[in-house]
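Single chain ahead, by itself, as structure tokens, in the form predicted alone.
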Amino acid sequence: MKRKIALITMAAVMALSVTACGGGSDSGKSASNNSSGSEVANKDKPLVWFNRQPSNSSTGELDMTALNFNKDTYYVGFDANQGAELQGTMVKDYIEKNIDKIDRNGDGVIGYVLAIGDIGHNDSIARTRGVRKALGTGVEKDGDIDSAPIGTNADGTATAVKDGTIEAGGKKYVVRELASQEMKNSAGATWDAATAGNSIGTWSSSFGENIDVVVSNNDGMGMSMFNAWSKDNKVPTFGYDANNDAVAAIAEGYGGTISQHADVQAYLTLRVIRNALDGVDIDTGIGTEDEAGNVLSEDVYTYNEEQRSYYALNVAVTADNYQEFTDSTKVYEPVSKQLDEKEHAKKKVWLNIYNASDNFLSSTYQPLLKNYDDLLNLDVEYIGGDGQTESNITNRLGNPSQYDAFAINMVKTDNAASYTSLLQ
């Protein structure tokens, strides 16, 4: 009789526990008490957009509907404008410091070519503007610097840019953007390294020794051009992302790159998910030290509450400091401490990379994520896209109910609804 009463009591307690755990919209605390694929509605599960901020590809206006999908939705990226200004300044400083050898044909014109990643991507737009602003070649359009590719501009008559000037070594030089284009392949993939490698071949045939500097919106395209042409011709090439191969190439003449603190971004991508799942303050382990001692300092990230966005800050990587950045997949030491799995139960996360062939995301960002997922007790399923269509990715999210949270890297910044519609 006593055993029967005990069993009835235990069943009642378990039923009460299950009812409490299925608690509707309180997704953070509910998920922390449930196993993977919990009873929390998919629309209430933590969602982090990363690397591609939901926005209008024509105007850059943020998609606040996507950024406010639920109370546990955030974006993680980096400060694109701060990084763009750094890249432009890095190029300008290099020209000024090396003016005695950079004008290869001695014509008084510093000619540069520019590889544009994606004309509809806010980061790409910012980097193009940053270079043009620093070099004085930018033309204002609709209240900001025009970021459109110009094709070719041998005579300086293009309308989207203008000739700039630099004074160095007691002499004034003209600065001219000789050519620029979006690096998009025939299948539609942007930021395409192979296209950039082919383009520098075409540009060098057209402009020869008029090309004094090569600039790229990222290192993938930059290294493709460096290896195809500019390394052998000793033309400084500047990229963005601080990928391992680009950092190593600085010793061989690569002009420089920008670290967007991928180590901090990858941590933030998974940390905000961890905090939401645990039902704790979102700042835990970020601006506020967690019980393991993980915390970020204010000089490596910012948070914009209105935009629900975390932005890592950027650092210029040049010949002066590149040896500090030789391993881009090393976790950031201040947030490298393991969480106790008893207090932070393992949860399942669905995460996609828009293009499995993207150099930065595949060789830097994803390895960092894989290092952090263990530290944060997250079982992450990594999905690699083709870089061309959202359906190549969304078709593989057939059963979102089996996951506790989602981290999404879109092909196009306009397409947030392609993912959120699956979670409704």
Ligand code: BGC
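The numbering used is simple: start at 1 and walk along the sequence shown. Keep in mind that this is a model prediction, so the values were computed, not measured.
Although not depicted, the form predicted in complex with the ligand is the subject of the following passage.
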property: W191, Q260 and F360 all contacting the ligand in the predicted bound form, non-hydrogen atom within 4.5 Å; result: yes
property: Y354: touches the ligand in the predicted bound form, heavy atom cutoff 4.5 angstroms; result: yes
property: Any non-hydrogen atom of N218 within 4.5 angstroms of the ligand in the predicted bound form; result: yes
property: Heavy atom of F238 within 4.5 Å of the ligand in the predicted bound form; result: no
property: Interface membership of N51, the ligand in the predicted bound form, 4.5 Å heavy atom rule; result: yes
property: Residue stretch of 85-93, 299-307, 340-348, 115-123 approaching the ligand in the predicted bound form, non-hydrogen atom distance within 4.5 Å; result: 115-123
property: Heavy atom contacts to the ligand in the predicted bound form at 4.5 Å, residues of 62-99 in sequence order; result: F78
